[in-house]
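Form predicted on its own, single chain, as structure tokens, below.
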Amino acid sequence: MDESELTDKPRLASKAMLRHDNVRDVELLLLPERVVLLNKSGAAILGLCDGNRTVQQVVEQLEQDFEATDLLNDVMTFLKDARGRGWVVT
């Protein structure tokens, strides 16, 4: 992992929107002609990607919210995948 990746400030791509489906009680990522059903952790990560927080700050917030430790690798893996799919930009 590159140290500079921790200071990246990921944000949702302009074409992406997070929404909560009240009927199904699930989190969704809305994209042009596609809807992605997110699990709780994926929704939490993307919800913190506001372009203001660094990756390190996102990890720290998630560790606090989920009362967990050592989430860095999981978050980095998720963000790399999300970036590759065009869901987030840095």
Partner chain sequence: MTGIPQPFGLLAEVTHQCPLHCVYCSNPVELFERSDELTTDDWLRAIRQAAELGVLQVHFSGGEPLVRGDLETLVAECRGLGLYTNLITSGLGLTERRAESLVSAGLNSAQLSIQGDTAESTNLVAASKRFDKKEAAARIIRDAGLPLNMNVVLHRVNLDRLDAIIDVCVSWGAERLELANTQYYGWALRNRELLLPSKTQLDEAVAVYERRKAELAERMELLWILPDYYEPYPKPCMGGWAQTALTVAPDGRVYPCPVAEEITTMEFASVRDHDLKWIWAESPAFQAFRGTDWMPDPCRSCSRKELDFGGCRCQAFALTGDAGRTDPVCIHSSDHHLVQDALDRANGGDGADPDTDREQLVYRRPTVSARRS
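Quick caveat: nothing in here was measured; it's all calculated off a predicted structure. Positions refer to the first chain, counted from 1.
In what follows, reference is made to the form predicted together with its partner chain, a form of this protein that is not presented.
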Even though its partner chain is not shown here, does residue 70 get within 4.5 Å of it in the predicted bound form, heavy atoms only?
no
Does residue 40 make contact with its partner chain in the predicted bound form, using a 4.5 Å heavy atom cut-off?
no
May I ask you to check whether residue 32 falls inside a 4.5 Å heavy atom distance of its partner chain in the predicted bound form?
yes
Please determine whether residue 19 contacts its partner chain in the predicted bound form, using a 4.5 Å cut-off between heavy atoms.
yes
For the heavy atom contacts within 4.5 Å of its partner chain in the predicted bound form, list the residues of 49-82 involved, in sequence order.
none
